[in-house]
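As structure tokens, one chain now follows by itself in the form predicted on its own.
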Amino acid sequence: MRPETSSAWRPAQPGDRMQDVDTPALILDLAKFEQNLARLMRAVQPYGVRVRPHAKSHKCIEIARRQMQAGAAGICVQKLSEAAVFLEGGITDVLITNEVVGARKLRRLAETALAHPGARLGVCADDIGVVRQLAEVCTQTGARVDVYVELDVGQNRCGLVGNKDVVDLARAVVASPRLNFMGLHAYAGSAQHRRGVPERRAAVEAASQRAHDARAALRAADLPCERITGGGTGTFLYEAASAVFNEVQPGSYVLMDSDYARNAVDPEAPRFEHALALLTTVMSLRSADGNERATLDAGLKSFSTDSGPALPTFSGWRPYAVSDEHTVLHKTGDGPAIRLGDKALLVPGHCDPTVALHDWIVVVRNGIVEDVWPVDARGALF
């Protein structure tokens, strides 16, 4: 029998004060979270587009449920195993905004769809051979799967470039009675963190033109194109206003991180709050060579640093060093006095991989814990 693991050890219980939460722990400010949900839906309402939030940012069934209650039409995920978690959790419309390749995974895809007959499961494709394999597996199992042709709109990662290839792939999908051709996936991922508003707008204009041309080619070939889906937290309003996209996929908006906060603010777009933070404890205080330093009990195993270290929510202290289990803050100016045992909140640089390091999200309102939500799809990598 193994000793109690982190997955069984909850950092808090409802009714606890936030300062009593065990650390390091993810903290979700419920008031800010609810504001972010409402602001997103209000922003897109004039354009009549569907919202399909990307759940890879939070991996949490309860957050997905609340997004659906706020008006979302479904969710996105990146992995088949993530899709299975959310379908089991009662989310009835899930799109894997990624390719699924290989006989074993394609069979699991079909079996996952078959196990949830009241739900819709979609996947992206950019290869005709894979589509034919999926069609065969779905015919054998009796499953039905939605398929979106993926366009390369500047990400240079996955997706088709030529309209002839788009038409040929769509025809292969339509040829199978077990596959539903839904339309186009056109995600301009590289546009999300372009800092200037003009640069982000220009990237979406180019993606919209690419999607428009592909849709025109499909229609010229007498093929349907019910949906064009894409967009993220950095650009969703531009896709919504494009008259080309009819579904947007913002993900990080509901949590927000410091990297998105570095984008120049478009006065026409909603401002989202930092609803997610990492609660840490000051575990050591030292002063040497005129430098005051505070060492926190959270490091690389608690937050991602691909977009920079997690940043304190208070002034006068900045990260100096980050290691596996520690973050060292140096005092750089006027700021609060820090004492041993104090709790410090840090805003992650990148929320998606930070959440993936945790088992629980501690939900707080007005400094009191209301609930503790599991990160249900943590470890869903396949």
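Numbering starts at 1 and follows the sequence shown. Every value quoted in this text rests on a predicted model; they were computed, and no experiment measured them.
Only in words, not in the display: the form predicted in complex with a further copy of the same chain, which the text now covers.
Participant: Which of these residues, Ala221, Val174, Ala241, Val130, gets a heavy atom within 4.5 Å of a further copy of the same chain in the model of the complex?
Facilitator: The residue in contact is Val130.
Participant: Which residue, Asp126, Glu247, Asp146, Asp259, has a heavy atom that falls within 4.5 Å of a further copy of the same chain in the model of the complex?
Facilitator: Checked against the cut-off, the match is Asp126.
Participant: Can you tell me whether Ala269 touches a further copy of the same chain? I mean in the model of the complex, with a 4.5 angstroms heavy atom cut-off.
Facilitator: Result no; Ala269 lies far from a further copy of the same chain in the model of the complex.
Participant: Does at least one non-hydrogen atom of Arg104 fall within 4.5 angstroms of a further copy of the same chain in the model of the complex?
Facilitator: Output for Arg104 is yes: heavy atoms within 4.5 Å of a further copy of the same chain.
Participant: In the model of the complex, does Pro353 have a heavy atom within 4.5 Å of a further copy of the same chain?
Facilitator: Contact with a further copy of the same chain, yes.
Participant: Under a 4.5 Å heavy atom criterion, is Gly159 part of the interface with a further copy of the same chain in the model of the complex?
Facilitator: Yes, Gly159 sits close enough to a further copy of the same chain in the model of the complex that at least one of its heavy atoms falls within 4.5 Å.
Participant: So, a 4.5 angstroms cut-off on heavy atom distances: do all three of Ala12, Gln78 and Lys301 pass it with respect to a further copy of the same chain in the model of the complex?
Facilitator: Checked in the model of the complex: all three residues contact a further copy of the same chain.
Participant: Name the stretch, out of 195-203, 212-220, 279-287, 175-183, where some heavy atom lies within 4.5 Å of a further copy of the same chain in the model of the complex.
Facilitator: Of the options given, it is 279-287.
Participant: Within 4.5 Å of a further copy of the same chain in the model of the complex, which residues of 297-333 have a heavy atom? Give them in sequence order, or say none.
Facilitator: Those in contact are Asp297, Leu300, Lys301, Ser302, Thr305, Asp306, Ser323, Asp324, Glu325, His326, Val328, His330.
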